[in-house]
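What follows is a single chain, given as structure tokens, in the form predicted alone.
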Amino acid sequence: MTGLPSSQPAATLIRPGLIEVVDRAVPTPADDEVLVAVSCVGVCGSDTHYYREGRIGSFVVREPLVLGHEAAGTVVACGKQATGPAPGQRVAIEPGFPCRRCHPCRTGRYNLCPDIRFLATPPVDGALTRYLAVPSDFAHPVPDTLSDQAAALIEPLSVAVWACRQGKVGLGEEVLVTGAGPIGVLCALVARAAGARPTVAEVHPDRRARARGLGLEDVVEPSRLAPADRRFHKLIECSGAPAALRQGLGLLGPGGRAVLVGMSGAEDISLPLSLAQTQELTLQGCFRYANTYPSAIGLAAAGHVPLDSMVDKSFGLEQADEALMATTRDPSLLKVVVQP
């Protein structure tokens, strides 16, 4: 790979609460891979959990780990058999690389592949570095009208696209989105783009204000939603709070559908089974995404989702620890990015 360095800095989680920028080898792309010069990485709540606690559920950081999975950049080299974007093409990186052989993969649900390798999920290193080798078909070309930070946020936008697909969100439907973090806001924006009428419920006033500033009109404090107001066709639960799920289920009309996006810290929660039975409610799990990147890129490029407006602050690679704690220290921030 002519002209490329042999080593690169990588913001590495050494132990909970400690990030060090260490030298790592610049990878050589395999035959079916491309090498991407990383331009921007969004900070996700999962990155913050790993930084603070060293684990998320059964995923435990047992050795130094490079964080970051919301990434974009420019292709700088290609493997011998790579059929994707050519050098010089800007791309959004889809960070989950499935086996392509198991039943979920072969039926199009590769997000459920038991052997998937997902960036920044132990033991797979992530994108907080300068160069990253990825399968060529998981490097999705983006138009020049999208900024680097917007290209990085195609990943959380894909979560929202998948959530709305899992919810079968349709024209004219009333959709309740609980939680106005980045994923909740994106779910509401995608639902609106699909022709639905979203209502966002959020307890924190700063988050409510940010959601309104991004063009969402119906943003409320959850206590304003009364159990008698059972008008919603769909619920997209993004907070991970058991109370929000229980309240949301009570606000669904007959035959309503609830999509579980936010992950709860509780292993088990109580649910109103009699309500689910008598109203024939559907409870739909939702995990990452599959085959969503082209749609997400199209939505962003058409201006339906203002990704750039979601970004409140940018950090350099050497400031990765500050970036990982930024939204904890200042809850008014919606999204921060790192630009390696």
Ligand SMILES: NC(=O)c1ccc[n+]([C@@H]2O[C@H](COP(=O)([O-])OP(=O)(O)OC[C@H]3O[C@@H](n4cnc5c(N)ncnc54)[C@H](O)[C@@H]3O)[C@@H](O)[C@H]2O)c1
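Everything quoted here is computed from the prediction, not taken from an experiment. Residue positions are given as counts along the sequence shown, with the first one as 1.
If you look for the form predicted together with this ligand, you will not find it shown, but the lines that follow are about it.
When this ligand is considered in the model of the complex, only one residue from Gly79, Gly213, Gly262, Pro122 comes within 4.5 Å through any heavy atom, namely Gly262. Checking Ala258, Ile183, Ala150, Val169 against this ligand in the model of the complex, a heavy atom within 4.5 Å turns up for just one residue: Ile183.
Contact check for Glu202: a non-hydrogen atom falls within 4.5 Å of this ligand in the model of the complex.
Contact check for Ala241: a heavy atom falls within 4.5 Å of this ligand in the model of the complex. Within 4.5 Å of any heavy atom of this ligand in the model of the complex lies no heavy atom of Pro198. In the model of the complex, this ligand sits within 4.5 Å of a heavy atom belonging to Arg207. None of 30-38, 284-292, 300-308, 59-67 except one has non-hydrogen atoms within 4.5 angstroms of this ligand in the model of the complex; the exception is 284-292. Residue Val159 is the only member of 147-167 with a non-hydrogen atom no more than 4.5 angstroms from this ligand in the model of the complex.
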